[in-house]
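The chain below stands alone and is given in structure tokens; this is the form predicted alone.
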Amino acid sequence: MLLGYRMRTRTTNYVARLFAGDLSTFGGPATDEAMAGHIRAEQMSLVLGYSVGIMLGNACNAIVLAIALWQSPDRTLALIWAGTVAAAAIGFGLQSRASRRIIKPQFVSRRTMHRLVRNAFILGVAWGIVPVAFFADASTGGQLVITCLCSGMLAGGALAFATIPIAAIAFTAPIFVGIAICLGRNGDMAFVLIAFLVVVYGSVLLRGVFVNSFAFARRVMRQIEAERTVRLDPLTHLPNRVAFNETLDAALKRQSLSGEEFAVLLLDLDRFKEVNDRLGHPAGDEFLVQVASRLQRCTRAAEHVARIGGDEFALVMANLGRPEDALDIAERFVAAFAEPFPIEGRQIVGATSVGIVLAPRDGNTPLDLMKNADAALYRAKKAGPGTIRFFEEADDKVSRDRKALQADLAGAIARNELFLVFQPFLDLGTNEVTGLEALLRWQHPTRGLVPPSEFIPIAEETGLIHGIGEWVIRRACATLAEWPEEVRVAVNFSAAQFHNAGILQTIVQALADAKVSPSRFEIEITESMLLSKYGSAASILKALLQLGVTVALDDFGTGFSSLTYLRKLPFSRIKIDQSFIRDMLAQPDCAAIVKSVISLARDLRIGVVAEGVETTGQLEYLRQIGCDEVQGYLISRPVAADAVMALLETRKPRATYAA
């Protein structure tokens, strides 16, 4: 039974492929369904190119036949036949003309090809009836016309379906059968010779169809493969931004011609940066490959997710029936991340956010659609991983505000809108201020003081962080030159800054220009910067350490593997995150963590700074358990550069709060 089932399945698949025009069923080049769909699209385009002329020829031929049989006893039947064929031909011609005005599809389904083969067969049957029904009673002239018309239709059908053998066979076979029946009724030797010639000519025609179709398919395959190198993302093998833009343009053209609505889905991976930082770029690449595979399985056969950026994907969902269809696909995308991704022996949890726009409701140009999709995605990301959001009018305002903030930030340095404030570190052993952390602020001319949490992410996303970071380094070093020799300045660095190979030279030059010792300059980094095994951060940090710059590990305890990375570089200090300091007097587990970190640091001969100290109780507890330095509002709020010297002169905890 199993063998029989397999045989039936194979037969069914073979028949489906045969009538879908798959050339491998005739011994032609084998293709997968995606490539076959592209070949069918090219075949259909050629057929549509011929169809208007062919249908016009059919209508004219039908009229000519009616005229030729006007004196025949079968005149009435011939008129009915001719009227039906002419009307159907004109209808098909008009439909083909309308189809040609619509942009050529990139993919044609098997079902569409099945309809083409069916229509070819119906038309072939219509002409196959002619010799059977009208030849015998026609005059000599009428018989000559029938012979010429049938021969012409055979040649025309072979031309029209020159790249689709099954359609050519479906069209010509009924005509051959009609001719054979007609000639078989007459025993005249001349008709036997004609039958022989028909067989010869038919064989030559079909042979030409097969040769041409195989060559055509191979040519299309070579062309598609060549185009893929330009339009294919080399890592994920998904369409790239070039291909996506072409698909979007084509969808907009179809929409303007036929009113076909479509959706654009924009995706961003919520945890890709963490994977890259934790495991390195090769693992990040593997993560993207697995993500791409899962996303593509969520789409319809004719649609392809495109990778349009580092961890950004997009989909043009054509022929949209209702907005819920786009939501269904988006929900599949989100659900694709439910299972962890196995990478380098680990189970990595991923997530995506999705922004959706509907065309033409949300825009009728590529720029408008992508801008609005980005705005919807931004709102989705703010709502949390795995969120889906359709574009709303309010998103446009948020997006414009964000773009405006980005544009203003680009000129903030030139307009002297950026400035530094400094928050001190207090040594608990000596009650002296031993250093200050430089904190960046932006005084916008109309918005007022813009929080770093708003403009720093924009700076990192746009690359403005490099210019801003260099400005911070130079300004901090210049300010440091005015302080006593024993005081240091600490500057926060983001991972994005270490993608700039010139950062090392910038620091060296800033220290030289300010004439300050490298040992007085401290870099504060988070653990995520060290987690990349193949990034440039570690090598740059090692070079800075050799120069004499000190390094502090910020937000200690909140990363992935703090203890492991304490061994990677000779840190001067670690900073205990303020979330532990805030709760250590109320929650025993936080107190235990703080004590353990201080004990560990003492054994490793690393200094410890406690962040976020706001009460005298916290200060005294940290003093008792041996913390080296503290920082927080209890000591001092961040102060302007010109107030630093007054702060240093006190050399003791401050109870006042600077503005």
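One-based numbering along the sequence shown. These figures come from a predicted structure and were not determined experimentally.
Just so you know, the form predicted in complex with a small molecule exists too; it's not on screen, but the next bit is about it.
Using a 4.5 angstroms limit between non-hydrogen atoms, A155 is distant from the small molecule in the predicted bound form. Not displayed here, the small molecule is kept clear of T387 by more than 4.5 Å at the level of heavy atoms in the predicted bound form.
The closest heavy atom approach of A86 to the small molecule in the predicted bound form falls outside 4.5 Å.
Contact between L439 and the small molecule in the predicted bound form is found at the 4.5 Å heavy atom cutoff. This chain lacks the partner; the member of A514, I465, I146, M370 within 4.5 angstroms of the small molecule in the predicted bound form by a non-hydrogen atom is I465. Proximity to the small molecule in the predicted bound form, defined as a heavy atom within 4.5 Å, holds among P452, P282, P360, P323 only for P452. Contact annotation: the small molecule lies within 4.5 Å of heavy atoms from the stretch 625-633 in the predicted bound form, the single such stretch among 598-606, 37-45, 625-633, 57-65.
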